[in-house]
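Just one chain is shown here, as structure tokens, and it is the form predicted on its own.
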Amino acid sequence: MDLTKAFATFQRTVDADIDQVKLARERRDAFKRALKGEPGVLEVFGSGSLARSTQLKPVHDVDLIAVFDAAVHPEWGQVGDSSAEALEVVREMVKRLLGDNEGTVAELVRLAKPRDRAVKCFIDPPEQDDAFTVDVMPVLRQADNTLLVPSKRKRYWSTADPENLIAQVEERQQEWSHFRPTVRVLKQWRHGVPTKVKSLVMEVLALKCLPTDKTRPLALRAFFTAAAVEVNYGVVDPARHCGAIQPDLDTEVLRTALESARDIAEKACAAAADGDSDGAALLWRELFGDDFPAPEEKSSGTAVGPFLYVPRPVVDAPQG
């Protein structure tokens, strides 16, 4: 079996549908065009996984950052009610520009609801499962180019640097064309870990542990080996402003899953090195699930079984 083709086939099952991604970007761009023309808005740019091209399917939300002029809003950035006030400014702005009945730029948004740090704008009916939303976060840019982001709940503005993460992912992608696709594979893999693992945890681990100078099988083996150790030190904001990515992460459960994945990846790479590509494919299938292609049965004309390798029961696999 051609493992390169098998990984390419598997990747297509992980990646979001291109039309879905295109629609998400069109909706994001509609917000950008509308907000950029507003007085007091200096910049509008995408954030989140779509901006980094590490999104999984289905794509049902988009993150957008609107940089406001601190001279126009001198009270913003201070402890107190200014966080809630900033979110309300954005809510009113979105309603006026993009409201479904009265938008002056486009009739797109059914409901704009301030949350803790951003205004969640529903394009689909809010009661719909996986309703498509655009989250717009008002921020102020600081002298060192970092951002001040509001928290309505804490009545406080904190420093963040989402552009740092975007740049780091872009840099890795320039080094290795499989970086972003492999991050998506790892995000998909986390769904089989028997505890909640935020997708950003896997992306940050990938920045630290996924090499960019190997084939995909060898890179994955190296990732699981390194990440099983790295996770013990905590997974924190790579820009070192926001602390732990997921404070409630069950590190022990994730480490055990990574170790299990490491063991399977090691066997798969060993099988491939021995020329047993079918056996290797079955091991990757054990690791990533049934979407990873199985080897074709060989028509030997005898009663010999199709594969030499018998995978472990699925119940033992970390990905479920």
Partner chain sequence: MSDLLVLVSGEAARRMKEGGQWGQITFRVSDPDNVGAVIAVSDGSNPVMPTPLHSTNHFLNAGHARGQHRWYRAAPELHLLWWHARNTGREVALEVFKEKVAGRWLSPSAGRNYVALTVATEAPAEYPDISIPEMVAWYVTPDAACPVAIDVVSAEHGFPQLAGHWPTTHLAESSIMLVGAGSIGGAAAHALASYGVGRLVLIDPDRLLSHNVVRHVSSAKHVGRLKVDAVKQELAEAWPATRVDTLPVDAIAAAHLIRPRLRHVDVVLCTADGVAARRVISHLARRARTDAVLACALQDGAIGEIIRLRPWSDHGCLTCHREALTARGAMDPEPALDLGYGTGTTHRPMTAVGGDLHLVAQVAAKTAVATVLERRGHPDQKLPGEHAILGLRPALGWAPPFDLNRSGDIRWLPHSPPHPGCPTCEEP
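Computed from a predicted model, the values in this text were never measured in an experiment. Residue numbers count along the first chain shown, from 1.
The same protein also has a form predicted in complex with the partner chain, omitted here; what follows describes it.
Put simply, Ala160 is far from the partner chain in the predicted bound form: not one heavy atom of it is within 4.5 Å. Although the partner is absent from this view, Gly243 stays clear of the partner chain in the predicted bound form, with no non-hydrogen atom inside 4.5 angstroms. Pro125 falls outside the set of residues with a heavy atom inside 4.5 Å of the partner chain in the predicted bound form. Put simply, Gln168 is far from the partner chain in the predicted bound form: not one heavy atom of it is within 4.5 Å. Between the partner chain and the residues Asp274, Asp291, Glu43, Glu252, the one pair within 4.5 Å by heavy atoms in the predicted bound form involves Glu252. This chain appears without its partner; in the predicted bound form, the one residue of Thr212, Ser151, Gln78, Asn232 with a heavy atom within 4.5 Å of the partner chain is Asn232. Stretch 217-225 is the contacting one of 217-225, 82-90, 198-206, 183-191, since its residues have non-hydrogen atoms within 4.5 Å of the partner chain in the predicted bound form.
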